[in-house]
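Next up: just one chain, as structure tokens, the form predicted alone.
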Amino acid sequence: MAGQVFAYITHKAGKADDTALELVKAAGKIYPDAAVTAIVTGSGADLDALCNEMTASYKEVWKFDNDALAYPNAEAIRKLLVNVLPQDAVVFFGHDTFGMDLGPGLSIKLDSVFLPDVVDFEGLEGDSLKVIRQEYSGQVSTHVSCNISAGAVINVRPGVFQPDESGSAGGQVVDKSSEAGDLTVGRHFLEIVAAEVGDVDITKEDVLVSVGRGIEDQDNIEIANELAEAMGAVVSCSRPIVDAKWLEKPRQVGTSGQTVKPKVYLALGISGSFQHMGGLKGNPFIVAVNKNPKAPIFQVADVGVVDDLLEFVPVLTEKIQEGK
């Protein structure tokens, strides 16, 4: 078995990302008896409250309060982690834009294994860890075995593990700010540019009807509009729909679009790539309709329907209207 197990906590304005409580569950699947240590970086008054919040799920929380860490700069945080992590550490991150920026370089600096976009674990036998990843936009599942005796950097796909809501860890905060070392880097934060807001703000909607490549034609989006109207929902989409200019950019859900937290998410003809699912937060109730039974979205959906959406959706709309 490798060394100590860590989870890096991403957050914004003092609020932890949903992956914060997913990572401890992911780590627990292969290290059921290990005490996972949370790493929280930042600067300011919100940091203490966030660290205290994390003690409900993590036995130990390492706090690093430094002006250089006020914005999540992957270059600075990579230097920090190289300075403070023990040899053979296994570190978990969310597989989002930040995790993709940070993880590969960190694994090189630590001379350890890098496992991106992990969707499940098959087990740990000695130093051999077996994981499941996905290739070709989720169309193929790959089973990977690697030796983690020298440690590992593991990026876990957001949303594939249920968050830890037990609140039973009873952990403690350890201030390690003095051990951060030199965090001088070439990359510097300049400003945050707010995303463009269109005729609707999908980030504030409780119910979204989202369309993907499976809608096939721009004219077919009217089917989704009719369903959304019947449900009291708003239509959103995946990136191919925006790239085709069938819907405007503010309606795009994903890492290159909007981050949404609906209560119900109806995905029509969406494969479920990590780039799309990375924009979906808050553990919504997901209903997926896709004629490909192997579409990766079915791995995270609460309800999956294998059917041609062009045939299924009009019938569903009719039934909802009758129910009213």
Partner chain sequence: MEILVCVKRVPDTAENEIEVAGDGSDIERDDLVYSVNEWDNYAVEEAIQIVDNAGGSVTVVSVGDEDAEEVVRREMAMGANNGILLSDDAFEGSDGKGLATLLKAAVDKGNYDLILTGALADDGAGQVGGMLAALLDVPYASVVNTIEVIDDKKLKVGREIEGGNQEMNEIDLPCVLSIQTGINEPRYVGIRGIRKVASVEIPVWGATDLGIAADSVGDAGARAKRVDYFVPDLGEGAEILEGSSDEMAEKLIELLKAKGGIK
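Numbering follows the first chain given and starts at 1. So that the term is clear: the rigid core is the largest set of C-alpha atoms that superpose within 1.5 Å between two forms. Just so it is clear, the structure is predicted and the values come from calculations on it, not from any experiment.
What follows is about the form predicted in complex with its partner chain, which we do not show.
The stretch in contact with its partner chain in the predicted bound form, judged by heavy atoms within 4.5 Å, is 288-296, chosen from 288-296, 60-68, 47-55, 30-38. Screening Ile221, Val82, Val207, Leu124 for any heavy atom within 4.5 Å of its partner chain in the predicted bound form leaves a single hit, Val207. The listed set Asp175, Asp101, Asp201, Asp88 contains one residue whose heavy atoms approach its partner chain in the predicted bound form to within 4.5 Å, identified as Asp101. Its partner chain in the predicted bound form is not approached by Ala13, whose heavy atoms all lie more than 4.5 angstroms from it.
Although the partner is absent from this view, Ser141 contacts its partner chain in the predicted bound form, with a non-hydrogen atom inside 4.5 angstroms.
Within 4.5 Å of any heavy atom of its partner chain in the predicted bound form lies no heavy atom of Val160. Contact check for Ser43: every heavy atom lies farther than 4.5 Å from its partner chain in the predicted bound form. For the partner-free chain shown, nothing in 10-28 comes within 4.5 angstroms of its partner chain in the predicted bound form, judged by any non-hydrogen atom. Relative to the superposed rigid core, the position of the CA of Leu110 differs between this form and the one not shown by less than 2 Å. Core-superposed comparison between this form and the one not shown: the CA of Thr255 exceeds or equals a 2 Å shift. Core-aligned CA deviation for Tyr58 between this form and the one not shown: less than 2 Å.
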